[in-house]
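Consider the single chain below, provided in structure tokens and representing the form predicted on its own.
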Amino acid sequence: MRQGSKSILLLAIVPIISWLSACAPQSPKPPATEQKELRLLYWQAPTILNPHLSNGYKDFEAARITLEPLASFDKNGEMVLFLAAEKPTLENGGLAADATSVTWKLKQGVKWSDGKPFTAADVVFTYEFVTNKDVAANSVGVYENIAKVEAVDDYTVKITFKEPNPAWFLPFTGAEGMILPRHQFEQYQGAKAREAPGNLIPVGTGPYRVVEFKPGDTAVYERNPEFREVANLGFDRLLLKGGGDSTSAARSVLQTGEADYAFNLQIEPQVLQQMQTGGKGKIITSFGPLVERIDINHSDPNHTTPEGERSNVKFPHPFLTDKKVRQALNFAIDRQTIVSQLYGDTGKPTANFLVAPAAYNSPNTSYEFNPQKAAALLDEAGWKDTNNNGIRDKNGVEMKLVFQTSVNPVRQKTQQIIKQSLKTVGIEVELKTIDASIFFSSDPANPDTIARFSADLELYTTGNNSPEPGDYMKTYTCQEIAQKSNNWSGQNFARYCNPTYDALWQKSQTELDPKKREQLFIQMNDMLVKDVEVIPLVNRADAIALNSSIIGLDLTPWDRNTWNIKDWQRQN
């Protein structure tokens, strides 16, 4: 489904300022001071509340309110315990000296929101669910080095790895480590996983429980009466509303005060500065691993197999597999203009795919805006304007690209800047914008998702979800290619495959020397960047809008913003 100005018009029909009435209860609404409501606004609306079946940060944010991992990491990279009772170490016997196993002690007395006890069996089941091939979980990469997960007793879990694992602390931690309740999902293990009611109304151990969820629209939460710190919670009810656009979302917090929190604000700096004068709220930014980048499709999106699959890895792209063409694209893109016009202080130009933690940010790469070099490379590759129509061609094929992204003002303006630049070097670009709820959907049947990638280029943001970048760098391994055979659950949407890259990644998974491992990740980054397998553009700050009365939020780049929502309070 093609979107564009029509999509924006449709979204604008329902003003965001009416969102509270859309999710208000049927009974008369008591004064806000009595109800203690927290109003969350997501212009990219969540569509599923099972994080293991999702591709989108928006879904992880919504799920993280009710589901918890064993532990996570704060902004300094220090471990913070959730369902775990203590951090495994060599001293307490939790971590094996050769890093082949780790044993977690669990908190006792924790209950799921339906009153059933949380035990080690739930951790074991989560592993079995995520690694079941028929489930096709998107988070499986974190768990693939595991040989087995055992419940030693009700409150002890032992993870044994296939080989020494320097990233022993990743499974069951952070946003991708959220634990699922066995009793809610065990009947949906396997191919029926996406039919589980728990995907929409999950039972959790977190501070708030879901009482209503309309995918792509509204989620309503209330206090979880079984939460171990329920008496300290700041709110009785959470209303999460999706839809609209990032500018309207920011306005609802900063100017009208209709919302308390707005997520993922990709908005021009001058617009944000003006909104903050409204006095209702503030913008909070946090730089971390997020990189706005262009994925390059190595497969042919215009070839359809007899089974109806486009962008099949067996059919290479007619010209984007040529390194000189990719290099030309890179030289033709003006990162500095994109940042200065569209990001301001919330973005930094970057050449790197891996930018955080700082030790992994490669010093060996650079970027250059040089249309003359771009044109020369295309000439060398044999792409010339033989038809005198302003479009380069070769062997009867014209150099035309479809460039897609989600509906978002900053992304659409980025598209326009890039389109004009590529036009000057003889490349015609058709822009395609897709509603965010579709683009970032995990629906394998929808051809317009980010994973299906039925275009030549696509623009979006990614970043490693923990201080350990192994799973993030796994994105471009051959085994991660998203395709019909794995229900498009792989994270390698570009369909890039290089055995040399894969060998580096495999070596990183067993290298216990931190400095040597650091260099392996830098080598992987440099290979992607220098061969232009991906085009990093901007190291983006995570920018949110927050009502001035809300305190307690503590952003970390290694988990979703709602990770410590139990601590959020409203100041009188």
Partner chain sequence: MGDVWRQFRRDKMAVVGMGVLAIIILSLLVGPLVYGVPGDEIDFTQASLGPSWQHWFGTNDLGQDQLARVLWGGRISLAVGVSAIALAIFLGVGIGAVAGFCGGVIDTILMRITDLCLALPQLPLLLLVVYLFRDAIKAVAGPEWGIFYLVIFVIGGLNWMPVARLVRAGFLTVRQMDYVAAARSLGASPMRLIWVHILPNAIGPVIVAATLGVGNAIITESTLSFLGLGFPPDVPTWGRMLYEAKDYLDSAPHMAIFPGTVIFLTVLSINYIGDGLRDAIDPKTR
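The model shown is predicted, which means the values in this text are computed figures rather than measured ones. Numbering follows the first chain given and starts at 1.
What comes next is about the form predicted together with the partner chain, which does not appear here.
- Task: Kindly indicate whether Ser72, Gln479 and Met527 are, all three, within 4.5 angstroms of the partner chain in the predicted bound form, using heavy atoms.
- Result: No: none of Ser72, Gln479 and Met527 comes within 4.5 Å of the partner chain in the predicted bound form.
- Message: By the heavy atom within 4.5 Å rule, which residue out of Leu83, Ile438, Leu401, Ala356 makes contact with the partner chain in the predicted bound form?
- Response: It is Ile438.
- Task: Consider the chain as shown here, without its partner, and state which of Lys158, Lys423, Lys107, Lys324 has a heavy atom within 4.5 Å of the partner chain in the predicted bound form.
- Result: Exactly one listed residue reaches within 4.5 Å, namely Lys423.
- Task: Select, from the options 346-354, 374-382, 426-434, 111-119, the stretch whose residues sit within 4.5 angstroms of the partner chain in the predicted bound form by heavy atom distance.
- Result: Checking each option against the 4.5 Å cut-off leaves 426-434.
- Is there a non-hydrogen atom of Glu268 within 4.5 angstroms of a non-hydrogen atom of the partner chain in the predicted bound form? Glu268 belongs to the contact set for the partner chain.
- Task: Would you please decide whether Thr337 lies within 4.5 angstroms of the partner chain in the predicted bound form, comparing each non-hydrogen atom pair?
- Result: Output for Thr337 is yes: heavy atoms within 4.5 Å of the partner chain.
- Query: Is Asn302 close to the partner chain in the predicted bound form, meaning a heavy atom pair under 4.5 Å apart or at it?
  - Reply: Output for Asn302 is no: heavy atoms all beyond 4.5 Å of the partner chain.
- Message: I'd like to know whether Asn387 contacts the partner chain in the predicted bound form, with contact meaning heavy atoms within 4.5 angstroms.
- Response: Although the partner chain is absent here, Asn387 would stay clear of it in the predicted bound form, with no heavy atoms inside 4.5 Å.
- Task: Counting only non-hydrogen atoms and a 4.5 Å cut-off, give the residues of 399-427 close to the partner chain in the predicted bound form.
- Result: Val407, Gln412, Lys413, Gln415, Gln416, Ile417, Lys419, Gln420, Lys423, in sequence order.
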